[in-house]
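A single chain comes next, written as structure tokens; it is the form predicted alone.
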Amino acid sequence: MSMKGEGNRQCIIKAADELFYRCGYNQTSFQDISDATGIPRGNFYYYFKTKDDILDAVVQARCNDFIEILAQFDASTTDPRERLLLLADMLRANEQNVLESGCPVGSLSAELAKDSADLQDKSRRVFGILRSWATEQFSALGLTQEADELAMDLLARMQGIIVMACAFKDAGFLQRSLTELKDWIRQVVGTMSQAG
């Protein structure tokens, strides 16, 4: 693919990602993506045969983004607890987007949970990456037996905070809940490490 072709492909993925986040996958049409990119709809078929193909590319781009973010967390500290706190702090770093549109990963997963098993699997891929990484952090803290359950609890708490903060457009709730989430991480790590 030429540089221009790859540029157009990336432009389509970026626009689709934003539209899927802000409007929903099922509510976004080829025409919406065409309007956002300025690329004629007929040219899309050179890059993507179906909207599901665009979804694949969007999910892969999100996976790559999160892999990079988690690698930055890993590089920034050797303390797994601090890494988990960095993950929680993503709520603060993305506050405006959270209040406006919720979580791009959670929103897509909730929407596609009602669709085919194939679409459900695609929508869970980013959560799978986050779950595995959080499980590794809890395991590194000596919480091996309950590491996966704690990872799921952490992601569920984060998603709950995001849903309610977005529903009520409540920055105060988001900040208060983030503080409580970080306290929970410290408490779980401290309590279970002592028990072990």
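Throughout, we count residues from 1 along the sequence that is shown. As the structure is a prediction and not an experimental result, all values here were calculated from the model.
The next section is about a form of this same protein that is not shown, the form predicted in complex with another copy of the chain.
Taking non-hydrogen atoms only, A75 never approaches another copy of the chain to within 4.5 angstroms in the predicted bound form. Using a 4.5 angstroms limit between non-hydrogen atoms, W133 is distant from another copy of the chain in the predicted bound form. At the 4.5 Å threshold, heavy atoms of G38 stay clear of another copy of the chain in the predicted bound form, well away from it. At the 4.5 Å threshold, heavy atoms of E180 reach another copy of the chain in the predicted bound form. In terms of contact with another copy of the chain in the predicted bound form, the residue from I33, I54, L141, I161 that brings a heavy atom within 4.5 Å is I161. Note that among 147 to 155, 40 to 48, 63 to 71, 133 to 141, the stretch whose heavy atoms approach another copy of the chain to within 4.5 Å in the predicted bound form is 147 to 155. Residues of 120 to 134 placing a heavy atom within 4.5 Å of another copy of the chain in the predicted bound form, in sequence order: Q120, R124, F127, G128, R131.
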